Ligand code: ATP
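Here's a solo chain for you in structure tokens, the form predicted on its own.
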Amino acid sequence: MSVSSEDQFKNIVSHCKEYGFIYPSSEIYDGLSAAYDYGPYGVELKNNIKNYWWQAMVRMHDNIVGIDAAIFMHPKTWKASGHVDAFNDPLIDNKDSKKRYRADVMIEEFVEKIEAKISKEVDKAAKRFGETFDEAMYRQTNPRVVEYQTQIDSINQRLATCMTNGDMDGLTTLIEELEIADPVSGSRNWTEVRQFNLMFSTQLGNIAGEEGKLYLRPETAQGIFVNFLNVQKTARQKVPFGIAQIGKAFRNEIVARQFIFRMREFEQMEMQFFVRPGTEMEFYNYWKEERMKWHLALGTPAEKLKFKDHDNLAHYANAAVDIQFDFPFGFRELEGIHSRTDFDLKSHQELSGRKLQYFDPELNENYIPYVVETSIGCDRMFLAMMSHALVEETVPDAEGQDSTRTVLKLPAALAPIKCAILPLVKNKEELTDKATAVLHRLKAHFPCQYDEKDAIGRRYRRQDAIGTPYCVTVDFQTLEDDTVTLRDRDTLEQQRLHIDEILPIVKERTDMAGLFG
């Protein structure tokens, strides 16, 4: 069943709430903007995503170890990292609607509209010319497409230059020249673009003023950098090696939106890989490919993922690329791979007065390592999984209301519940006792759920909607020969198996080890 991107996104949001994945935070007080709570199934899925990342990063690599650094750090940390002076977003206000927007995002969205025009031209040409259509040649030679692409390249270049130079006047001029209108009011009555620092600040104990000022960390990476030598020495690591961390970060986003895609409190999964200076591009390319393989191993279609090089490099980077996912609102950043040079360690060394160098026994010299970073938003990964997995499909040989079903086709290893135990009817004590015994037999090995309410077909649909890959039905034949029916979520096939066969089969098919080949 085909639905618009907007409707698909609305379906995801409502499904998440209805089935206990994500709730609006503080909902009884009318909620808090851009804050969400993960429900019973949401927390299981999120933990599984984190576990998959941790296993891929830490357990599958002998030279990567993990830490869990404090959220609060010494204020000088953020001075050294550049966040105090440079962690800003360019914001612009519309005088008529009183709405505030990120200037760079508005320009990027304007470019996306031009890209959509190119795609429309290409699609029309593909239908016209059929199998003989050469898309690459068409993009290079069609006058209208070439004109669109030239316009895109010009805008992107100007945007990158303005962002690199912190040129707020240039961004204001670009918005005016492109005649970008407020999406709410249609007004072009804008203020000047200005910078806004994104860090949340608080006070340390009863110390008032600047001396007692603390920040909620805007990223988890700095906790890794300040612990570089601690970890290297205690874990006895040699360069190249990595330090991984999963943790909360906080950014005072003015324009937080698109559900859990952009929030003020979010969770990051980051790994900093320390390498010899001069070898960073080798490892940058290695981690680009490794991280893409990690996403593809989940069964995500290749066309839903793409690399996008940064037009505007951060102050610490000499190379940066995003892995973008095709969300219902378009391709957006899911993960970043950055070559951070030696900026962070060098800055902390200078401000702290402590040497943050590594002695390389092979070269017989000390140096500050360069760093290659992989950083993925756990919440964005959650949204990507929901976006791809939530489908409505026709059920073969079914009629009426049963002819369609909403199913969450998550990878079995990530599913919140691996197996549901369902007695055929609930008012037969011998059936419910047997089903309960099966539940107790399985639940120590993987997450299970017992459900006896409603007709069996409705219970199947409920398990489909939360992504449960297997359902075990205990019926009257079970009482005679200890066999049960094992139903597969995706194929809808039902197998008659002995109770003893359920544990090894479900365990093998839902084991995370299967994702690693």
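Residue positions are given as counts along the sequence shown, with the first one as 1. Computed from a predicted structure; not experimentally measured.
Just so you know, the form predicted in complex with the ligand exists too; it's not on screen, but the next bit is about it.
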Give me the residue from F261, F382, F283, Y215 that has a heavy atom within 4.5 Å of the ligand in the predicted bound form.
F261
Here the chain is shown alone; which of E253, E109, D167, E121 has a heavy atom within 4.5 Å of the ligand in the predicted bound form?
E253
Would F266 count as a contact of the ligand in the predicted bound form, using a 4.5 angstroms cut-off between non-hydrogen atoms?
yes
Could you confirm whether R276 comes within 4.5 Å of the ligand in the predicted bound form, counting heavy atoms only?
no
Can you check whether G223 is within 4.5 Å of the ligand in the predicted bound form, heavy atom basis?
no
Is L334 near the ligand? Define near as a heavy atom within 4.5 Å, in the predicted bound form.
yes
To test your reading of this chain, name the stretch in 420 to 428, 245 to 253, 72 to 80, 287 to 295 whose heavy atoms come within 4.5 Å of the ligand in the predicted bound form.
245 to 253
Note that the ligand is not shown here; using its position in the predicted bound form, name the residues of 82 to 121 with a heavy atom within 4.5 Å of it, in sequence order.
R102
